[in-house]
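There is one chain below, alone, in structure tokens, taken in the form predicted on its own.
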Amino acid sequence: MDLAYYPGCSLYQSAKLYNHQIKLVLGMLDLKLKELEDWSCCGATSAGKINDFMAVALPARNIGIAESTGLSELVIPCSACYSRTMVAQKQLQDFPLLKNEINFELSKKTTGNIKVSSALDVLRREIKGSRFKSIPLQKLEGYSPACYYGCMNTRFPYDVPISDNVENPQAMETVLEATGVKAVDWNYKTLCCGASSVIYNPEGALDLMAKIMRDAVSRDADCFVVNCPMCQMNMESQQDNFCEKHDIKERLPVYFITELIGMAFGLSKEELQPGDDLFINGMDWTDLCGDSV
């Protein structure tokens, strides 16, 4: 089955690993991602702070490209891109004059007829299917992840259809449980990590990250599992900073959910992380995975 695919800017820069892994994992479920031709930045969080029109027009262009493919579903792994696209699609439906104004400038018009899904939406759906059930799963032992969704996966700045519980989402827990991994129950799974404010307000951002870390550690989590590139980058790259600032002794690896699913599917370290670097999240992959790779 072919699905339209919008990677967004992060998956071509700081989250290249996520881009690579989502294609591998969904490919094993017989889903072929067809990347949009000539896609552009969706504006993420910045456009909405500067220009309301551009905050809709930028993702509308990508929606129009996706609809022109004739495919019925558009998959977006990045939480920020997913949020921005969902909001834009709903606003185009709610405000016909705005839709006409934007479409006037687009070579590929948007009608709003394509289904927009997060990668989590697709994974949760596919674990119920025959293809998933036919894959021999590798048992992953010793993992007690804290599933960290961040603030953009279910909490939208506009009234849009939500596929999960707003305050206590369960998609990652459900997918992991299907592979034999039970996540911990904890409180801060949707707390903001500070996102880009780590650049202009590092003290505030580090305080937020420390709260997330403390709660996960207090629940005996041994790693984070995420689906947002910004959350992954902040919680990993800033971990020493916020732990030292708040006297937190523990350190936890931060995985994209595709890493654990890929291991459960029997993918090797070379397949999941191409190249010679066997160190992921600051730790040796073989130490983490044991006999599963």
Partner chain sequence: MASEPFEYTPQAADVFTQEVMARSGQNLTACYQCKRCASGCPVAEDTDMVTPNRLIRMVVLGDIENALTNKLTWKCLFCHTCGTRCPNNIKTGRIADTLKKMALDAGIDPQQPEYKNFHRAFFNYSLRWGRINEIGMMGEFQLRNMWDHLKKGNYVAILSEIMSKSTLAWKMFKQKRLHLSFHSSKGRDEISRLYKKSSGRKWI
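Numbering follows the first chain given and starts at 1. Please read all numbers here as calculations on a predicted model, not as lab measurements.
As for the form predicted together with its partner chain, it is not shown, yet the points below apply to it.
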(message) Looking at 212-220, 116-124, 163-171, 129-137, which stretch has residues with any non-hydrogen atom within 4.5 Å of its partner chain in the predicted bound form?
(response) 163-171
(message) Check Glu236 for me: does it contact its partner chain in the predicted bound form (non-hydrogen atoms, 4.5 angstroms)?
(response) yes
(message) Under a 4.5 Å heavy atom criterion, is Lys16 part of the interface with its partner chain in the predicted bound form?
(response) yes
(request) Verify the contact flag for Thr110: yes if a non-hydrogen atom of it lies within 4.5 Å of a non-hydrogen atom of its partner chain in the predicted bound form, no if not. (result) no
(request) Decide whether Cys243 counts as a contact residue for its partner chain in the predicted bound form under a heavy atom distance cut-off of 4.5 Å. (result) no
(request) Only one of Leu260, Leu29, Leu252, Ala57 comes within 4.5 Å of its partner chain in the predicted bound form by heavy atoms, so just point that one out. (result) Ala57
(request) Sequence order please: the residues of 5-41 with a heavy atom within 4.5 Å of its partner chain in the predicted bound form. (result) Cys9, Ser10, Tyr12, Gln13, Ser14, Lys16, Asp38, Trp39, Ser40, Cys41
